[in-house]
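In the form predicted alone, a lone chain appears below as structure tokens.
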Amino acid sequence: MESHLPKKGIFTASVLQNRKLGDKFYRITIELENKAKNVFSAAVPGQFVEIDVSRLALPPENHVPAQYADASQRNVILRRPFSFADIMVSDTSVVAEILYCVLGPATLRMKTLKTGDIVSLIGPLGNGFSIAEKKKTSILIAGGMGAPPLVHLSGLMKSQCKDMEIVVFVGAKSVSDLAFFDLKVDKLIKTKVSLGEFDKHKIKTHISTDDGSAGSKGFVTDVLKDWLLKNKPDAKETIMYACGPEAMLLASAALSSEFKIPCQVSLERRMACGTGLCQSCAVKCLNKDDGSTFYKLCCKDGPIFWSDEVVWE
């Protein structure tokens, strides 16, 4: 019987912690009001929430980076979208973790949140990753801030798919851009670091950085291609999941096509409303039957798409 419970809602959440990680990254932990349990218990990795930051204060002027001094004075009217790094639902609470990077006036305001503060959010929104439980191997590719939904996905897959091999590839510009992870650094070997979020699930992780400051030097998709050539996984028994900058997603889509491995990608667009009303987050897609193109909305139809349905431009 089809459930008649609402799939999303407007909720308040209390800040449990807003921890600074490195120079510009933060991990915020929030506890949602009790009535959110019905919808968030069914949330899946890849979905997101829209947070209202319009009522949040700016940090003191001397704590505003020079490059954001002018932009920080703008009124932030629209909500901002954030994916989950984890959602923990118990009999008594719904706790969610969100990783974010300070990039403008909205996130400047978010970093002022402290324990006990209340925020308003809409969610869970969009469609998340679909877990291919019958596959033998899952490959997760995270670029930059694309890691949070894949951290969420890896934990769920590890609990649901006991016999599946999960391999993670993480890329960033430098080791400082991996600060939002629980980093473990080998002081004897400069480039040897491990990521606690994946280590705790005993998931194989390959790290690469553009400058070689952690892991292999180069793009994450180059490291993945070398691994695919060496390990030759059965394409019919393998699936890929990717989240990160558009150029990295395009490269992941190309590998999906080359190695005939299906790939789900998490796209990022300006999602002003998060519910499909404003039509601002159109994604050009391919009709595989006749080769024509049409548009879907990232917030409503996505943000998860199959890589071969997206027209990459």
Partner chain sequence: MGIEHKRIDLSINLGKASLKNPLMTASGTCGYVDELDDFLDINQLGGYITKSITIKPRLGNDVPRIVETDSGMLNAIGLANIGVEKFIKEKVPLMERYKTPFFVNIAGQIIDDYVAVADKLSQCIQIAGMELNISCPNVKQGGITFGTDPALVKQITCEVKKVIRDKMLIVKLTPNVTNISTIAKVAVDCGADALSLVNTFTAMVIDIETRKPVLSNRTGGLSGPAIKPIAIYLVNKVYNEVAKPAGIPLIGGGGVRTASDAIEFIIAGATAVTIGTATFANPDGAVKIIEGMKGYCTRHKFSSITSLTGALK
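Residue numbers count along the first chain shown, from 1. From a predicted model like this one, the values you see are computed outputs, not experimental measurements.
One more form of this protein should be noted, the form predicted together with its partner chain, which is absent from this view; the next part is about it.
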State yes or no: in the predicted bound form, is some non-hydrogen atom of Gly22 no more than 4.5 angstroms from a non-hydrogen atom of its partner chain? no
**Request:** Answer for Thr275 alone: is it within 4.5 Å of its partner chain in the predicted bound form, judged on heavy atom distances?
**Result:** yes
Should Lys260 be classed as touching its partner chain in the predicted bound form when contacts are defined as heavy atoms within 4.5 Å? no
Residue-level contact is defined here as any heavy atom of the residue lying within 4.5 Å of its partner chain in the predicted bound form; does Ser41 satisfy this criterion?
no
Only hit among Leu195, Leu78, Met164, Ile98 for heavy atom within 4.5 Å of its partner chain in the predicted bound form is Leu78
Only hit among Ala179, Val102, Ile122, Val223 for heavy atom within 4.5 Å of its partner chain in the predicted bound form is Ile122
Note: its partner chain not shown here; in the predicted bound form, the stretch from 78-86, 133-141, 196-204, 236-244 having heavy atoms within 4.5 Å of it is 78-86
Residues in 292-308 that come within 4.5 Å of its partner chain in the predicted bound form by at least one heavy atom, in order, are Thr293, Phe294, Tyr295
